[in-house]
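Only one chain comes next, encoded as structure tokens, the form predicted on its own.
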Amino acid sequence: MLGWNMKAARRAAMAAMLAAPAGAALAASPVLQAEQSDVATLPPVGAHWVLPATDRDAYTLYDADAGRILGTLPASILGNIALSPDRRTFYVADTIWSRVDHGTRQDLLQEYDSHTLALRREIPLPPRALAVYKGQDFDVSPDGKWGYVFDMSPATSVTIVDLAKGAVARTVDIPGCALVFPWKQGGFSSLCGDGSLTNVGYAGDQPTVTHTAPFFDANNDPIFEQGLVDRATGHALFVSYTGKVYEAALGQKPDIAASWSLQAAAGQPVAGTGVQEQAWRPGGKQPFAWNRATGHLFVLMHVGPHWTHKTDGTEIWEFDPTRHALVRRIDLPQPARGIAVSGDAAPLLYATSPDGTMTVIDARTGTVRRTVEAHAQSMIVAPDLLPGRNG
């Protein structure tokens, strides 16, 4: 009896639907609105924004305070990225081929709007030096006028790009030297294979080139290519494989101070050059970071013999270079191959690990704030926000 009643009810409902006017059914349906496309706009670049290079052919832009993705900037593993001093433009120097991995080669400097991440223009370049995640292959002058692109074709040179005109201004040969380290104004320096610096002064006319005497042992104790420069002052820090720190005021005639030891500053035995000599040593793919507000240097450290300069770090050591003193040692939850630090007075440290995670650390306490599954590679960029600039 129950089954018969249910069947009768369904037949009655169907009859009622068929008897209802066609317009009644349509009136009961919701009206679908047409989807409107738009482009999100980001606020000015924040002090705790960070860009790790990822395995997705892009730099991913994160808000480290919130732990969320803000956007992505396309770039290959050969690409280099820099933020303009006024924070309005991300520059990406990259190389592509017409058939992905072969064909016609194009070297480009690409400009992206920092608020929309939209590509604004592309500037053709001479053949760049192709190196995986090498931040010192490209930089922007602190006044925002010039882009410096390191070339190798096969001789080494630097292409100077007029960023206002969007065109190459000139190429300067730097035989036997490599990379770019911008001065406070008026030029850049490059590291040389004999342990010296080449210094190129340029203000839009004929470049002036000078050379220093060798100041480090390029054969037995080379310095890392990942030297650091404070754009606001032109002050540079170069660190050797054994942990010697060379401080330099960059310019046409650089002032290079006597070296001091990371290990001695930490009360540890000074590392030597013995291939079996175990000691605390700097190492990793991006082993240094410099907080502009405090002037403190952060270094990835590990225990190993000489020539282990690419070994992942198990600790981050914080130093005050003005006092040649250790501030603190920070244990890492897992080994890291690259670090960066924000430039503000409440800095965050960022450490990338071989499994692709990015660990965010409060640099004042050493406390882990969060871990992000970022698919991160060794290269990580914390935008240096110079004082007196607006986004």
Partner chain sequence: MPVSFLDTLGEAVTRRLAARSSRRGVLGRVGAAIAVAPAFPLLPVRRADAAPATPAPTLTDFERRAQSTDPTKCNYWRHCAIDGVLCGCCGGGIHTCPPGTEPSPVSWIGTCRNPDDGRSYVIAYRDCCGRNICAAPKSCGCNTADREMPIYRPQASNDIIWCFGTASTAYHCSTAAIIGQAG
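As the structure is a computational prediction, the values presented were derived from the model and not from experiment. Numbering follows the first chain given and starts at 1.
Quick note: we don't show the form predicted in complex with the partner chain, though the next part is all about it.
Proximity to the partner chain in the predicted complex, taken as heavy atoms within 4.5 Å, picks out 217-225 from the listed stretches 114-122, 217-225, 246-254, 204-212. Screening H302, R231, K285, H296 for any heavy atom within 4.5 Å of the partner chain in the predicted complex leaves a single hit, K285. In summary, among the residues R56, H324, R364, R329, the only one with a non-hydrogen atom within 4.5 Å of the partner chain in the predicted complex is R56. A residue is said to contact a partner when one of its heavy atoms sits within 4.5 Å of a partner heavy atom; A264 fails this definition for the partner chain in the predicted complex, lying far away. Taking the partner from the other structure, the partner chain in the predicted complex has a heavy atom within 4.5 Å of a heavy atom of A131. Using a 4.5 Å cutoff between non-hydrogen atoms, S98 does not count as a contact of the partner chain in the predicted complex. Heavy atoms of M152 reach within 4.5 Å of the partner chain in the predicted complex, making it an interface residue. Every residue in the set G176, V275 and H309 has a non-hydrogen atom no more than 4.5 Å from the partner chain in the predicted complex. Using a 4.5 Å cut-off on any heavy atom, the residues of 185-199 that reach the partner chain in the predicted complex are, in sequence order, L191, C192, G193.
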